[in-house]
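Quick setup: the structure tokens below cover two forms of a single protein chain, split into structure 1 and structure 2.
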Structure 1
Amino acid sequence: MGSLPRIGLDRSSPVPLYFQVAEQLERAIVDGALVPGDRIEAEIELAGSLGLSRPTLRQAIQVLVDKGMLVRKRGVGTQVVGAKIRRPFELTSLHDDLARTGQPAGTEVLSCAVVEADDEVGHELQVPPGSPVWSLERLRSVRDEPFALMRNYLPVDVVDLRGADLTALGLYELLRHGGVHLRVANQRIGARRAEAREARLLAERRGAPLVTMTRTAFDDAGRAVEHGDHLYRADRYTVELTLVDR
């Protein structure tokens, strides 16, 4: 059973008590005080210790079940399954988004080399096929759990990746340091099943569902400066959109 953080309730606040509990439990999961596999004590005991009714406590738990952070299992109880990586639909990098939320991330550079652009990469980067481009593949993890496999291609005259510490710096951060101003991107979100190598790297089973993200980013002069083809574990990743009525 996980060690629950001290939960403080402000009964004079307009914020509902169930939401106060859910918010503090979510923060404990995000901060790592509660980790995947930890069990939450029985609802009736937790409700009693907090001076709440059981329906109020159940409502708080349900908020996190709906977010995919807790799961109820018959005969086991309520367990932590981990916080999903939630990204806004903006022109930011995964490194930027993780840094903004304070989540401890790690990066393993699997390959970084100059290669000849194939037809697809040449089309996306607006260079002739066979042109030299940087090919970069990285595995991104949070709390030592892999969740993203990222492949990126960049024209060689946009940035020099030789000697760049891509375990500490994000790719967009490196571009900004080099004076590249990203302005707009074309992006597609999809899904497919994991192939054998992808499943092994992402600690998934072969054929597991993965979220796909393909993006080509352009600078403020309209030049294609980066093309990415990323894979994310579907159980750890969501994209957030804000929709506006016309």
Structure 2
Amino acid sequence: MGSLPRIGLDRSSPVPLYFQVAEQLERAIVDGALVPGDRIEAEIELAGSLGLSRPTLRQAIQVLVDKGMLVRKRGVGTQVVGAKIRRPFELTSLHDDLARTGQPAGTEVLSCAVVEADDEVGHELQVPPGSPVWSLERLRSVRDEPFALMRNYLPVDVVDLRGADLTALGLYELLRHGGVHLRVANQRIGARRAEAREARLLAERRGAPLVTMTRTAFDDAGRAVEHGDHLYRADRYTVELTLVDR
């Protein structure tokens, strides 16, 4: 049975109050100050003790409910969920993921050029077939062991990859710096055998099982911004995600 540490608020900060509360609640759960099954103080009381209105505190709790870390039950209260929430599967690229885990990841850019979109790429990116798009192919490694072969397509008017250092920044990071705000992505995950070229690049045997992932991402204007077709060595990579049912 844990207890909630004191929550401090900074009303002069540009960070919204509900977000400040949500952050500190999340840290309390992650740090173990609140353990699964613990009940949070009732909304009205907690709001009162923090000098906040109930809607504001409720909004803070909602953030963590959406993340699957808290569960509300009418007439009962709000409890910490027993599941260890893995980092939710966010709209970040592999580069960001790896950087966070501290793994020194290597990137080799195999090709980066403007090509004409074929039918599939044009359809996914919502541009006419034959339109110029960036075509990018990268090989990702950890400790000199390759594990991901990634091909991406981007409309030329979204970003200019000339001179971009894709070994230092992830693709999504580059897009963010370019003012592109990603909001939605459709993914499809499957598996298939490695073909000859793929096997060679990934230091695998031909026919070895690979995890496949295709993804199309859209920005906050609803514009298709990126389409990717990625291959992962099955023995070195799995996709983890947390589902929340509301």
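Because the structure is a prediction, the values reported are computed rather than measured. Sequence positions of structure 1, starting at 1, serve as the residue numbers. Rigid core: the largest C-alpha set superposing within 1.5 Å between the two forms.
Matching each structure to its source, the form predicted on its own turns out to be structure 1. The Cα position of Gly222 differs by less than 2 Å between the two structures after fitting on the rigid core. Core-superposed comparison between the two structures: the Cα of Arg74 travels 2 Å or more. Superposition of the core reveals a Cα shift of less than 2 Å for Leu210 between the two structures. Taking the core as the fixed frame between the two structures, we note the C-alpha of Pro16 moving 39.2 angstrom.
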